[in-house]
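Encoded as structure tokens, the following chain is the form predicted alone, with no partner shown.
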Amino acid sequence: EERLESLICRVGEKSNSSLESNLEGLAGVLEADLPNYKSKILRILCTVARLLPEKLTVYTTLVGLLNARNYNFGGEFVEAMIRQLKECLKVNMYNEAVHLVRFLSDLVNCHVIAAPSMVAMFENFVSVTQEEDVPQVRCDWYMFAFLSSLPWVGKELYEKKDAEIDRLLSQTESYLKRRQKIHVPMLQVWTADKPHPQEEYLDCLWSQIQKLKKDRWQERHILRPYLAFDSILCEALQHNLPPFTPPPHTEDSVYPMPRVIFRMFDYTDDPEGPVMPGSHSVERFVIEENLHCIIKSHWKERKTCAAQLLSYPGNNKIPLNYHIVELAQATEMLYMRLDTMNTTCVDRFINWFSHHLSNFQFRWSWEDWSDCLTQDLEKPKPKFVREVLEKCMRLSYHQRIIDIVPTSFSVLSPANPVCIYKYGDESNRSLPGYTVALCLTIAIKNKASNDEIFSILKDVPNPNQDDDDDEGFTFNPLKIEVFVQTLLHLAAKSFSHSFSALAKFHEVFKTLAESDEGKLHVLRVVYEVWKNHPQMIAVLVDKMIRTQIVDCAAVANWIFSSELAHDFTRFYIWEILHSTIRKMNKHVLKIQKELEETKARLARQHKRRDSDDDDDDDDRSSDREDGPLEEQIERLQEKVESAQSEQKNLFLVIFQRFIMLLTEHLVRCETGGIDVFTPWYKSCIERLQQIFLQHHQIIQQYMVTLENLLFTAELDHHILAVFQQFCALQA
């Protein structure tokens, strides 16, 4: 089986022999193996059809050759593919399903499937657009599956069934005209349509198919190895596809979300070598689809991915190497277009570019970007440079970054990441808590226990009330300040020193931060101490959530608090918030998984007992056996409900604070007659979009609550539009 898998998977890769002779040889080997390994060969071929779309025509040719030699095998393969397609649609594997539809359509070119039955299947796909009360994204998927197969099979189908194809294209056009496109602004990389329009994917594909039809279905990029075997394949008997009815829409159906086509280069950007196909040529669609598939298949293995991209079939016909390797030009283009770039995309650009610089000794011609020095520091270009340098410092060290950047850029250079300890300066002796801080310093250096720390802190007066209660540990901001400032200062040497300090005095933290105000104040003090070291803040907050010193809602409230207003648009703030949301989501999933596993164990126990015919035990014995598991299930169900409630509350806090901040800004601008669209507003509204998009699967569960409590009709249209765009993604 491994031999067969290796032979099938490797066909079409670099070889001393021609692809045609390799395919002919492989078809002979597989034909000889059919009597013993037919089911395995079927399974492997169905799998490569689903998972290796970039080699689609190689495998359709192979199936064509096998069908010409063994008609029954061809029929069984077509049936297996239809079964697999139905299974993919049933379990929401729509991306794989597109590959299968495309594969089936290309089998028409290989004389395996009769053209009329393929047209009948596409008619059923297009008829989905007439269904009532179904989401637009369902109709979109069936429309995309049909249109995206036409570059492969359009010519063959049009020659045999031109009237039917014309009718399908006419129905397609009327559907595309009535489609809602509220979601588009949320997905665009740039807010400007110059130099490249930000087209919605179905609109762009429709333009490409219209041009293909105008060019008489002539396409010049797809590798078509079956043409070499035309004399063999045209003699083969063809199969009719079994009638295919799209499975009905159910509550569990999750369709792919719409997207916007990313455009950065055009043919003028590469003055030498082959010309890039135009944005509405079907070749552009085919190439982008194939490159996307290669990246999706190999993104975990960077070297393999790069090798696959560079050896892409037909790469000599397009300026592929230029656009993969020409990073400097790409970086320059992205920098020039920063003013209209979406904030989430700017984040990715910062991450990629800083990583790229770290691999090249941080060398860059910074003077070329000196235009950013004359701009308001909140504008996208200076902000980008500042965040890149900040990120580079994480990958290096402060002095190195200072040395590589021209002195004129010092205003954007990262601050020296030192700890700010307010009790360390004798001039601050009059500060409340100063003497206690000195006592704490000595005690911690002398390896004091938690009880000794509590004893020292007991004397700290509470500025919030006249008399502390008997225990002395209600919310006392001064106690928190003195303790957290002193401990973080003493542990400032490294991340691991800080982690050890949190672990050793965990009990003290938990007691001081018992209330919500306490948790919030701990975070405030962390910021005061480490405001010059964003990475330290990020890792400490992360550790405090893990060790339950603070909770996720406290972190969200802290991020939107007035104390952090100065850093609100900084990259690290959103890094912390997204990390916090992910932790919450993981926590819920972990408990849900435990619950499912325990339920499965109980079901197995019941099944075992039911199947044991010799079991004479009475019911009491079964109850005794089930009892502990049933109790565990009950406990876990409570935990799941509690965790989901906490998760829902976290999103409510985040969205509520966004609405408050944005509403304040809009009212302030309206009353002052100021333009609403400031750099802060752009950043804030796009961060709101980012929360929706990055955590869409979780947020979908709470849509009704969000609509009823927060995103109501009375809300300002600027804010409500974001919610409506998000709803439209699955509408």
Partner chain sequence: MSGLLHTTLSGLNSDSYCEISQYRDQHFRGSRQLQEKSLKISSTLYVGNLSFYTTEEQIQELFSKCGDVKRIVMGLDKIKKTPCGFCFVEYYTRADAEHAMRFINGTRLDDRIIRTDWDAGFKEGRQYGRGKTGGQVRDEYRTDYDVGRGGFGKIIQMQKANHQPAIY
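Keep in mind the model is a prediction, meaning the values are calculated, not measured. Positions refer to the first chain, counted from 1.
A second form of this protein, the form predicted together with the partner chain, is not displayed here; the remarks below concern that form.
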Full three-residue contact with the partner chain in the model of the complex, heavy atom 4.5 Å, for C9, L51 and R546: yes
Which of these stretches, 292-300, 593-601, 179-187, 656-664, has heavy atoms within 4.5 Å of the partner chain in the model of the complex? 292-300
Whether T47 contacts the partner chain in the model of the complex should be assessed with a 4.5 Å heavy atom distance threshold; does it? yes
With the cut-off set at 4.5 Å between non-hydrogen atoms, does R83 touch the partner chain in the model of the complex? yes
Verify the contact flag for T268: yes if a non-hydrogen atom of it lies within 4.5 Å of a non-hydrogen atom of the partner chain in the model of the complex, no if not. no
Is it the case that Q632, even though its partner is missing from this view, gets within 4.5 Å of the partner chain in the model of the complex, heavy atoms only? no
Of T474, Q210, N462, S396, the one that lies within 4.5 Å of the partner chain in the model of the complex (heavy atoms): S396
Taking 4.5 Å between heavy atoms as the contact cutoff, choose which of K586, R429, K214, R220 touches the partner chain in the model of the complex. K586
In sequence order, which positions of 86-103 have a non-hydrogen atom within 4.5 Å of the partner chain in the model of the complex? E87, C88, V91, M93
